[in-house]
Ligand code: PFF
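One chain follows as structure tokens, the form predicted on its own.
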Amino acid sequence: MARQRWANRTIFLLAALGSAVGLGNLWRFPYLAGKYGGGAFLVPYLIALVLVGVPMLMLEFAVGQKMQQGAIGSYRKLHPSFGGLGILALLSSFIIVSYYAVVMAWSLIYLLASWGVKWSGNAEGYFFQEVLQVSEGVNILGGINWFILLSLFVVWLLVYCCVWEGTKSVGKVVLYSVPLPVILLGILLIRAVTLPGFLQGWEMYLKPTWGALLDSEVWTAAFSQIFYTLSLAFGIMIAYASYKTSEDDIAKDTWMTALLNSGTSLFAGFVVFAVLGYMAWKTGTPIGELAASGPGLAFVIFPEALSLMPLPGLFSVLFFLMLLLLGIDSAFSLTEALNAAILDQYKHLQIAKVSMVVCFAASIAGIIYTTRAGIYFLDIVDHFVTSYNLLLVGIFQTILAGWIYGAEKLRRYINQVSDWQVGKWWNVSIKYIIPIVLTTLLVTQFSKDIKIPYQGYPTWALGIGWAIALIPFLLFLFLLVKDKNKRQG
């Protein structure tokens, strides 16, 4: 069977942007900017974008496009012993999409509840007691939350409808699902700037605190944000690029994807802080305290702010429809990365059947997060898989491409097919800067987790997190050594 192809370059860019732009753009970037120096945070953020984000994204686009394979096949073509690195990346993607879809299920519940603004007056209680029905701790499962489980299956049905024909169905979906959230953000921004207090929100968002640049934690946050927001090390961008022809422009596509993603983050920040400025004015709560709520920003603080607006139902529908669309794009991109790897190995299989099996398996894996202790398991698993698995994939990916295959060889290919030529700075970034930065992030996080147990969870629960980080990595090392010994023997 001939390899799938994107209908055109625009469809590819929309798909790549849909994967990159997600929930993190809406809450994590504005939160980090507010916490780490306001406008001054843009300095390390933009440096991280140029030194890590763009080179790494260009690497993944180049590898996928040149090798015409998903993550496993592409890594194996870079070096026959590194197929296990693709397995590590895709296992991580499977774990992530299994709980990411649950967050989308929450969004669907909120979308349905928006017309009545059911959280009005007690947004925190609504989220934790009515939607999650959260138990007292990770030790108490509390049984299945059937409404979340039903919503989860609806989300997976939507994801399946997006990927069942591969690039053909994905291409049709992204034409609407990628631009629509930006339009909805624009509508919310227009509404927010008519509310009192929005300028105070923008002031906190943009006012630079230059002293923050002396704090190493600020730089760590900036580099980690760039790494995760561009969907690096998931295997997604490799799979998406493999559906291009081997002669397509890589440099332009990389810069456009990276800049549009970061631009969306900046734009989202104006919306978020305008609304938070209004809420601070209305309730007397400091803006910094509102912004520092992390993921709760999307399901507690923002809904509460929406409930205080005129026409709360309408703007709640717009917000949660936007959230659902952002999440769906990211969820089906993770699914498509898994599909690509399976279809590379078993070319006789039909895309629709592979998509069904992957969606069903991920939905079953997500059931643990629909229990009343689900949010605790989600927190633990997310912490370990993003803090360790993805960083390990990124480190070994740069070693494989930069040192074993050869950064210069890959750069020559990029320049061969691109109008914008890439200088030798790219080699330096791939071979030295990115591995050093990612290793620093990894060691720093490991040191924190050893000294202080994450969020005070019990040892057995953290053991699950460590197992999720270590077992796929040990599997990669086992396959690497096994293949090396086989070749030597």
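From 1 onward, residues are counted along the sequence shown. The model shown is predicted, which means the values in this text are computed figures rather than measured ones.
Not on display, but discussed next: the form predicted together with this ligand.
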TODO: Name the residue from S355, T254, S330, N389 that puts a heavy atom within 4.5 Å of this ligand in the model of the complex.
DONE: S330
Open item on the list: Within 4.5 Å, heavy atoms only, which of S81, S316, T229, S242 is in contact with this ligand in the model of the complex?
Closed with: T229
Open item on the list: Using a 4.5 angstroms cut-off on non-hydrogen atoms, would I238 count as touching this ligand in the model of the complex?
Closed with: no
Task: Partner contact for G465 in the model of the complex: this ligand, 4.5 angstroms, heavy atom - done: no
Open item on the list: Is L334 near this ligand? Define near as a heavy atom within 4.5 Å, in the model of the complex.
Closed with: yes
- [ ] Evaluate L23 for contact with this ligand in the model of the complex, applying a 4.5 angstroms cut-off between non-hydrogen atoms, and reply yes or no.
- [x] yes
TODO: Tell me the stretch among 104-112, 230-238, 401-409, 128-136 that has any heavy atom within 4.5 angstroms of this ligand in the model of the complex.
DONE: 230-238
- [ ] Run the contact test on F198, S307 and M309 with a 4.5 Å heavy atom cut-off to this ligand in the model of the complex and return yes or no.
- [x] no
TODO: At a 4.5 angstroms cut-off on non-hydrogen atoms, which residues of 117-131 are near this ligand in the model of the complex? List them in order.
DONE: none
